[in-house]
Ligand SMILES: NC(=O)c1ccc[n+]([C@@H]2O[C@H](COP(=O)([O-])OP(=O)(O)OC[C@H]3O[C@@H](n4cnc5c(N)ncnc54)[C@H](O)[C@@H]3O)[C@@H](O)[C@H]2O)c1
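Before any questions on binding or motion, here is one chain by itself as structure tokens, the form predicted alone.
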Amino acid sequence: MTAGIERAACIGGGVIGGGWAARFALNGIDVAIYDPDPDAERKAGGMLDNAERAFARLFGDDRPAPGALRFAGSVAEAVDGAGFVQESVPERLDLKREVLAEIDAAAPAGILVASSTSGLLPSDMQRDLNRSGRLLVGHPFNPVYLLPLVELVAGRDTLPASVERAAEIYASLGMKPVVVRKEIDAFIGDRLQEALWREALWLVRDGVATVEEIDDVIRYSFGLRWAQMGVFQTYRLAGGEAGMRHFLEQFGPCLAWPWSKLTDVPELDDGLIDTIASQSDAQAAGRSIRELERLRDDNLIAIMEALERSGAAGWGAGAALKDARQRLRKRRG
């Protein structure tokens, strides 16, 4: 049992919902999944296999006995008896409202409901709920069972106690909750990712680079810096001994230069889609999605473990990993 939760419900069992189910189950929590996709159980099974493999590498003998995982036949059946509900259905506001209203009607009062939405406003999703004060956004990053960040976003009606309780629950799962101070579309992480994504699309569209070359530029340079220091601290170091102020004075004028097309977006026509898809296929070099997921997981584990060894308390995601290991050892001992 984690943070007083014995059972969780995951509504939606795709890439994100299945990742949530794996994180809950591998932390010893029983999970009920509801997903109308007839292939959902097979897809979630493959993700759980990868998650178990990664979790074993990270925590070894400190792992708790996994929780039971089952598929429910309805939303009401899934949330029955649950101590926490994580909604992860497709990103359509009308669908979110419909499913969340169904959850709200079935889940007992006092049970938190978190949406995995990557950009919709929680205030918009609260519209048709009778118990809107318990709904908030708990936005994770893929793979959910490995990456520790979860963005918490309150809506107009969300009670402060709901945010506090959600932060406790997510932290007990080895995650790093970050409360977004203002309710904005796409929150923090996706806004930053979207900026880079738009530039990358233009570079492919204009024939400047292939998808593999762009990924190489990221993963062999600033991606490594971002993994452990983010943007602002990286640029602080770029200012030398004078720090951030010197960096801003030296490179601030660059903001006026035509380096970016952030105010413009390339049209994703058939030609650009075909180019990106074919280059991505070549980049995969015949590896299946499951093979690429395992490779990704191995790389993430290696980076997080290296960061865990940096400094007495770890560094960046390594600090979250160190805390998660200590929590599991305490529970086991």
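All values derive from a computational prediction rather than experimental measurement. Residue positions are given as counts along the sequence shown, with the first one as 1.
Another form exists, predicted together with this ligand; not displayed. Remarks below refer to it.
- Mapping the unseen interface onto this chain, Ala9 falls outside it, with no heavy atom inside 4.5 Å of this ligand in the predicted bound form.
- Taking the partner from elsewhere, Pro90 is found to have a heavy atom lying within 4.5 Å of this ligand in the predicted bound form.
- Put simply, Phe55 is far from this ligand in the predicted bound form: not one heavy atom of it is within 4.5 Å.
- Of the heavy atoms in Val15, some are within 4.5 Å of this ligand in the predicted bound form.
- With the partner omitted here, the stretch from 226 to 234, 205 to 213, 82 to 90, 172 to 180 that lies within 4.5 Å of this ligand by heavy atoms in the predicted bound form is 82 to 90.
- Between the options Val99, Val150, Ala114, Leu146, the residue in contact with this ligand in the predicted bound form by a heavy atom within 4.5 angstroms is Val99.
- Residues Tyr34, Asp35, Pro36, Asp37 of 28 to 42 are found to place at least one heavy atom within 4.5 Å of this ligand in the predicted bound form.
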